[in-house]
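A single chain, nothing else alongside it, follows as structure tokens in the form predicted alone.
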Amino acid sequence: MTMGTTVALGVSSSISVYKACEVLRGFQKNGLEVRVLMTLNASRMIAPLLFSALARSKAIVDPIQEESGGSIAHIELAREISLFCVAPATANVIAKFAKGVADDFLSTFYLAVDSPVLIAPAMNEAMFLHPRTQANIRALKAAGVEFVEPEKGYLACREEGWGRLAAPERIVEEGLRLVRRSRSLAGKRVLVTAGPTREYLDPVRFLSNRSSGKMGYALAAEALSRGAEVTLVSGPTALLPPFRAKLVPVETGGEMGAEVAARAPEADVIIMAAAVSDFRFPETAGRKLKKNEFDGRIALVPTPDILEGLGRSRRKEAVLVGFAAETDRLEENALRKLREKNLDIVVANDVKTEGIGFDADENQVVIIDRNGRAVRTERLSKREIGRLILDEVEGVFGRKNR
């Protein structure tokens, strides 16, 4: 079985379960192998033998029978696939995924995959529009899961409403797009910086900022999902690094500058999402200073501009992305930064707006390239913003390396 040519198709117990057969055949017609994973209740609605015959491999149904020889089925299969598609997905399956419940093969498998995940919900309108279901969907989108939204139509409850499974051809089309994107940065090296830096006055006091690192970590995760080799140079955060990212922890701007300078010459894409302190103290005391040692003034000196240095020294075929955290004249200031730092792309956001930017789970940005093309986003999760930024990066990379 060849890496990148297999889809895992999750099937749960919606009345529309029979349409999963069309989804399976749609992927096959486009040259993909399909492995089917069924919930126990789904297997009571439609025989697993049907999916086994169509897929030409045994459908996996709980209770799980692990293969002999010591292999762990959900781990082995998770390493083979280029897409995990759940169609149809019930409210129960969506809730399990959102909460990290792993009590059957399907939900356990979700926690093991690092390929793109596509979910096609199917349920009664009241269930789909219920606040808990919508909250679960939002949580999964924030984690990078993509959805094929259900349609409005005649439902099993004999009512018209939202919740009807999307057309199989739509599900297949979105799945194929994700399969292509899962390899769009294969073989590329992406360097991402994230989080704040700390400039120490003494061993217990430092100068820093409100950056949580969430935007940079989301960008690293998105680059990994596209097949890139990712190095994440991160200031102090409370975040776990994305699986498979090479984490390089730093504290000060000087440390971050040194690590970036060492890795930038080999990078195809450099995304400077860290909020590096603009100032530091002239000296760092080796002991905690006492209050009576201050005269009311603390001197500050500028730190080296890492981004400006990269703009002068990076390879011309590499893509350099900078961030502009602004409180006024957003696009004007961002464009100035793009020109002065010799960036390919600048991502600007208004950090005075409550609930976005620093230390928030969501963001709203303007993505501007050096030709002046601007993409203005709505308020989205940082993972969704990262997806839009990487789309623009790929476009610029493609134009520079034709």
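All residue numbers are counted from 1 along the displayed sequence. The model shown is predicted, which means the values in this text are computed figures rather than measured ones.
One more form of this protein should be noted, the form predicted in complex with a small molecule, which is absent from this view; the next part is about it.
Of the heavy atoms in residue 266, none are within 4.5 Å of the small molecule in the predicted complex.
Residue 304 belongs to the set of residues with a heavy atom inside 4.5 Å of the small molecule in the predicted complex. Among heavy atoms of residue 35, none comes within 4.5 Å of the small molecule in the predicted complex. When the small molecule is considered in the predicted complex, residue 217 lies well away from it, no heavy atom lying within 4.5 Å.
Of the listed positions (149, 80, 278, 251), a single one reaches within 4.5 angstroms of the small molecule by any non-hydrogen atom in the predicted complex, namely 278. The partner is absent here; in the predicted complex, the one residue of 274, 86, 270, 185 having a heavy atom within 4.5 Å of the small molecule is 274.
In short, of 320 to 328, 87 to 95, 229 to 237, 165 to 173 it is 320 to 328 that has heavy atoms within 4.5 Å of the small molecule in the predicted complex.
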